[in-house]
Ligand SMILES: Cc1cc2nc3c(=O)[nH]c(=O)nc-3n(C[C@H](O)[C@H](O)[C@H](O)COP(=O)(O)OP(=O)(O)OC[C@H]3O[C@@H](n4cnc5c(N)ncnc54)[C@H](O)[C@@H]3O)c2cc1C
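Quick setup: one chain, the form predicted alone, written in structure tokens, and binding and motion questions come after.
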């Protein structure tokens, strides 16, 4: 008597997009319980970026590949300077090149069979197309393409220069997360400075506004800032980077039900602050541990607080640096890092809420709730 073995279908998975989320998931293909994983990329040059994050439990792999870390950081306004310090939650930076190199090595050395398919970018289609044929070919498709954003939401847009000076001017012990001692005529504006050593730093001009600016606006702001604050009038540009991050609700690039959105396409970016790298890693770790569909890594009350805060900034941009100063002054280093990393406790929330102007935020909260109910009524 022979026993016929049941044939098990090989599971095939596709990952679409070769940005932070796509490659971060590709590095962990052995956790997808798949026999074959295919990564689809656009055939275009990669632009190097610096990603900042606070040391958290889900970032151990990134910590071992960080470029630098700072146990102290500052928020600077015309009103004063707030300096935070944390041993448990150092502020770190990592190069996208270093992270992608690690992800690629993990992907290509995985026990799972892997392949990379590069698709040409044409003038008429700059996005990777996903068709119904892909659904027939793959059991699961993870879509990490950039999301769609509503019009007129705030954008965080920036340009940064990694520079080298001939004189020692930068503090490699303290990161400057926000320095508002710059012109505010083109929107909420601050400088972000990471000193790698006394001569080398990333200096980034960052704006919150509804549209990006011409490139010379960022360049002129950086040049003026270095001259006024550091007395630096000449420097060598090692490399530059730029980006635009939506600060509000986003929608998946493609609404097809057979796609699993990941990364920014699944709301991984924190609306009020960004920090996409940290939240993308958190999101991927969560759904791999639970073996469930990827979801936002943010708590509902964090998103609601962000929504209200952003509406306040949009309605009262002139109050921005005062609000960030009060927020930073109300917290210590550990609580500040926890709050911006989505790990705040009850005490942290109390300190944050207590630091904000009550009537300004209550008034905006009421408006947010009314608008939400209007949308619900419209859909009903």
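Positions refer to the first chain, counted from 1. What you see is a predicted model, and the numbers here were worked out from it, not measured in a lab.
The form predicted together with the ligand exists for this protein as well; it is not shown, and the discussion that follows is about that form.
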If contact means a heavy atom within 4.5 Å, which one of 288-296, 164-172, 259-267, 225-233 is the stretch that engages the ligand in the predicted bound form?
259-267
Given that the ligand is left out here, which of 329, 316, 42, 28 has a heavy atom within 4.5 Å of it in the predicted bound form?
42
Pick from 241, 249, 98, 139: which residue has any heavy atom within 4.5 angstroms of the ligand in the predicted bound form?
241
Would the ligand in the predicted bound form be within 4.5 angstroms of a non-hydrogen atom of every residue among 73, 180 and 321?
no
4.5 Å heavy atom contact, residue 274 and the ligand in the predicted bound form:
yes
Touches the ligand in the predicted bound form: residue 102 (any heavy atom, 4.5 Å):
no
Does any heavy atom of residue 50 come within 4.5 Å of a heavy atom of the ligand in the predicted bound form?
yes
Report yes if any heavy atom of residue 245 sits within 4.5 Å of a heavy atom of the ligand in the predicted bound form; otherwise report no.
yes
Are there residues in 191-212 with a heavy atom within 4.5 Å of the ligand in the predicted bound form, and which are they, in order?
192
